[in-house]
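Have a look below at one chain only, the form predicted alone, in structure tokens format.
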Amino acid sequence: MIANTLTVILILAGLVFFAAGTAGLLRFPDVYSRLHALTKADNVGLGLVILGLMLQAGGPADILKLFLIWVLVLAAGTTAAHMVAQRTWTHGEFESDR
């Protein structure tokens, strides 16, 4: 019962962070602010969702898989954000577009 309640709370908190990241992506004025909002909030959101799912995992193997998914998504998100920022910097598109 407690694990189920914690799972729901953690997943809902993760969804709030995902929504905040999406709002930042849509509302912030330049590429760097958007990248910052999206990557930070989504990484925290995914961590909370993964933590909530770990409480429902069947064993250590499932927990390890969930942790590995989180680490891989963190690495992919960081790499993609760096590539977008680098492309923006080298092509001089760093001014606010609004």
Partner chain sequence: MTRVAKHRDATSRGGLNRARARWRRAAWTVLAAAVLWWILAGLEALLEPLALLAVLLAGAASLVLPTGRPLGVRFRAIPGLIGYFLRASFLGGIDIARRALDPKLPIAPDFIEYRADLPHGPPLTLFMAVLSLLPGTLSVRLEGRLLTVHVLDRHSQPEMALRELEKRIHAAFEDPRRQSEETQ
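Numbering follows the first chain given and starts at 1. The shown structure was predicted, so the numbers you read here are calculated from the model rather than taken from an experiment.
Heads up, the form predicted in complex with the partner chain isn't pictured, but that's what we're talking about next.
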Any non-hydrogen atom of Gly14 within 4.5 angstroms of the partner chain in the model of the complex: no
The partner chain contact at Ala37 in the model of the complex, heavy atom, 4.5 Å: yes
Close approach of Ala85 to the partner chain in the model of the complex, 4.5 Å, heavy atom: yes
Met54: touches the partner chain in the model of the complex, heavy atom cutoff 4.5 angstroms: no
Those residues of 28-45 which, in the model of the complex, come within 4.5 Å of the partner chain by heavy atom: Phe28, Pro29, Asp30, Tyr32, Ser33, Leu35, His36, Ala37, Thr39, Lys40, Ala41, Asn43, Val44
